[in-house]
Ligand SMILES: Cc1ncc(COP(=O)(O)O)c(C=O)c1O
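Below sits a lone chain in structure tokens, taken as the form predicted alone.
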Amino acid sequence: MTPPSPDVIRFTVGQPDFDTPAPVVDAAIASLKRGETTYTRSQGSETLCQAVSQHLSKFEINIDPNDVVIAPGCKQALLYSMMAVVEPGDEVILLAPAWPSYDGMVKLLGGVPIHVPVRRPDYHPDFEALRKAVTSKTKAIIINSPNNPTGAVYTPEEIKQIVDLAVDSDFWILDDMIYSTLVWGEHNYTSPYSFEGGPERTLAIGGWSKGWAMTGWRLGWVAGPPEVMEAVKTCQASSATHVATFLMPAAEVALTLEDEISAMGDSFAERRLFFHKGIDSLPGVAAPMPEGAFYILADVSGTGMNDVEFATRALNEAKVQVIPGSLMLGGDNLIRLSYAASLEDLEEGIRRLRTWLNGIM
């Protein structure tokens, strides 16, 4: 795909616009200088697995460090998790519109993705639709809260209902918690581990990419019940062996940081309010207030254009790039916008979109 010209404002990039915190970079350099470049423990160093276990305990996820695997990115952690529990023909429920890689991974393993539309306009789970989607072939549900692409953060009551449904119908919960530290609404991220029946059927999957501005470091984790984690360990040992040895001390340092992470969070919280006000005020565009992560999913049907036409014309005529929602099942007439950009770019992008829409409507 050809990248847009330099004069385009991009609301498409799903990564923090911050540098990785200096203490993390320094720790990786120090590890290299110590010569920590050889093979090591496949699931991750004992101290890093302990650090992840301690981090997870902040969310009421109490897991033995031996049941933690450090993977080459959250995406790989998700794939390992699916490899451990999904067999050909198994159905996996996705809350639609869902991050497209879920669908691809399920199909890669011979599973059948079942896209269940979320509730409008807040993009929270539609439990009547969820219950109807469960069959004897249902093997798992993938949840992502805070959510990409919707920005929704599911309530504790909603997570409990998901756990209850999984218990009643005996299926796994794959909890993609990659945005768990990026919450701006009234309720925090809630893990299925918080509720009876959750710990024995939930895999907690996350990583350093979003909350610590470490997308290119490719570091993620999987944690869960011992029996399924043995399968995850086999997947890791048989494929990647382990993540880069010299990155593990840096990942430990990242989990100890507070001021740097808080400063990033405060910045995103400020941008959320500014960006939502601007996007929701555009002619023919409607968007609920995002509750977490750094995305807005806006309905553009009021402009008289579908999402693909809107995105194409916005790029060509307003020099603003957005993602058409119909690239994801259940995303028709929606566009995803990332506010992981400077306030100056957010302001200029909104100005361009408003000028363009006022000129054609």
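Everything quoted here is computed from the prediction, not taken from an experiment. Numbering starts at 1 and runs along the sequence shown.
The following text describes the form predicted in complex with the ligand, which does not appear among the structures shown.
> So, R10, F275 and F310: all three within 4.5 Å of the ligand in the predicted complex by heavy atoms, or not?
Verified in the predicted complex; spot residues all out of contact, no.
> Would T181 count as a contact of the ligand in the predicted complex, using a 4.5 angstroms cut-off between non-hydrogen atoms?
Result no; T181 lies far from the ligand in the predicted complex.
> Are any of the heavy atoms in Q236 no more than 4.5 Å from a heavy atom of the ligand in the predicted complex?
No, Q236 stays farther than 4.5 Å from the ligand in the predicted complex.
> Please check if I173 has a heavy atom lying within 4.5 Å of any heavy atom of the ligand in the predicted complex.
Contact with the ligand, no.
> State yes or no: in the predicted complex, is some non-hydrogen atom of Y102 no more than 4.5 angstroms from a non-hydrogen atom of the ligand?
Looking in the predicted complex, residue contacts with the ligand include Y102, since a heavy atom lies within 4.5 Å.
> I need to confirm a contact call. Of K139, R218, H242, R271, which residue comes within 4.5 Å of the ligand in the predicted complex, counting heavy atoms only?
In short, R218.
> Quick check on this chain: which one of P125, G111, P249, G73 has a heavy atom within 4.5 Å of the ligand in the predicted complex?
By the 4.5 Å heavy-atom cutoff, the listed residue in contact is G73.
> Of 260-268, 140-148, 189-197, 280-288, which is the one stretch near the ligand in the predicted complex, taking non-hydrogen atoms within 4.5 angstroms as near?
One stretch meets the cut-off, namely 140-148.
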